[in-house]
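A lone chain, given as C-alpha cells: the form predicted alone.
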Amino acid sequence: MTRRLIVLATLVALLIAAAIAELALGAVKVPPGEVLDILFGSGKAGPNHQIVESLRLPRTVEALVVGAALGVAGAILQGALANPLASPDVIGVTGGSGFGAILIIVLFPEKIALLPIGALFFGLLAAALVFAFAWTGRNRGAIAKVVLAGIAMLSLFTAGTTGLLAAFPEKAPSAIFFLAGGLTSSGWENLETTWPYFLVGAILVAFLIRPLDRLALGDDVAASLGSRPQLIRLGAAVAAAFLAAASAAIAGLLAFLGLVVPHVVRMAGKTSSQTFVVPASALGGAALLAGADTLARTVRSPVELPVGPFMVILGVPVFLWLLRRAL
C-alpha cells in the first residue's frame, strides 16, 4: 500500500509539473509564478494573460482529458481481455475514427466543424461491429473473437482511409495532422462536443473496476462470485470505445499511450489491481500527453509539430524495454 501511495503521489507531482510546463512554455514563455497567478484570478491583464487563458488553458485541459482517457481505455481493455497488448486499436476504434475524420476532410471540407462528429460516429461504429461479431455465434464474447474481430475492423477502416487519400491526393496534406495526432489551441469547442462521451465512458469505468478485479481471478471464480465475465468484457469494451473515440475526435490518432502507460503503472505499483491501475493510468496518461505536447510545441518553436510522433518516440523504447523484461 505504501508503494502504491508513493507511485500515485509521484504521478500527481508529474501531472502538475507537466500542466504548468504546458501553460508556461511555447513561442512566448510565461513565468510559472505568473501562470499560477492567472489561474487563480490574481494575474494582471495583458498579452500573457490572454495567451494562458484563451490559448494554452483549453489545450492543456484537452491534453489532460485525452491522455487520461487513453490511459484508462488501455488499462481496462488489458484487464478485461487478459491481453497485455490490448489497446483501443484492438476493438477497431482507432481505425474507425481515422476513417470518419478523413471522410469529412476529403469529401466535405466545407463542413470541417463536423470532423469530431465523424470521428466519434465511425469510431463507435467500428467498435459496434466488433461487438456484433464477437458476441454472436459460437464462443460468444471469447477473447480471441474480440481480438480477431478488432484486427479485422482496424484493417477494413485503415484500407478505407488509404483508399480515400489515394482517390483524393490533393486533400492528403489536410489529413496529415489528424493522422499524425495533435492538439490545437482552438478553444473549448472540441470539448463541448465530446464531453458527454468522456462522461459516459468514465461512469462505465467506475462501475467496472471491482468486477474487473474479480475477472482477473479467472472466469470460473468470477462466475462463482456472481459476476458475468462476458458482460464485464462487453462493458469494458464499450467504455473503452467511448473514451478512445472521443479522444480521437479531439487529438487524432495517438499511438502507444494506451498500450504503454498501464504497463508502466503496473510495474511501478507491483500490482494488477484495477483499483490502483485505472486511476494511476489516468494520471500517467494525462502527464505523458501534456509533457509530449509541450515538447511538440517547443522543439521547433514557433512551429508546432504533431504530438503523435513524439508519443511513438517515447513509447517504442519503453515498450521494447517492457518486452525485454517480460519475455
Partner chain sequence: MVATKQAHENEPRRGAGSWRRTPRVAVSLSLLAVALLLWAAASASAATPKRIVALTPFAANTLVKLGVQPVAIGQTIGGNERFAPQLKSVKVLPLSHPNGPNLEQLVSLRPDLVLSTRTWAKGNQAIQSLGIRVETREPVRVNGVISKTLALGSLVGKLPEAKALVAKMKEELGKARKAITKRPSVMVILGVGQSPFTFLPNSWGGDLVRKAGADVLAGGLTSGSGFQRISDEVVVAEDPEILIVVPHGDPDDIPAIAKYFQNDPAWGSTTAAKEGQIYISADNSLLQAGPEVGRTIEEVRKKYLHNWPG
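Since the structure is predicted, the reported quantities are computational estimates derived from the model, not experimental observations. Positions refer to the first chain, counted from 1.
The next section is about a form of this same protein that is not shown, the form predicted in complex with its partner chain.
At a distance threshold of 4.5 angstroms between non-hydrogen atoms, residue 186 is in contact with its partner chain in the predicted bound form. Contact annotation: residue 82 falls outside 4.5 Å of its partner chain in the predicted bound form, judged by heavy atom distances. At the 4.5 Å threshold, heavy atoms of residue 303 reach its partner chain in the predicted bound form. Put simply, residue 174 is close to its partner chain in the predicted bound form: some heavy atom of it is within 4.5 Å. Between the options 39, 268, 51, 61, the residue in contact with its partner chain in the predicted bound form by a heavy atom within 4.5 angstroms is 51. Among 113, 231, 225, 206, the residue placing a heavy atom within 4.5 Å of its partner chain in the predicted bound form is 113. Look at 143-151, 162-170, 83-91, 96-104: in the predicted bound form, residues with non-hydrogen atoms within 4.5 angstroms of its partner chain sit in 162-170.
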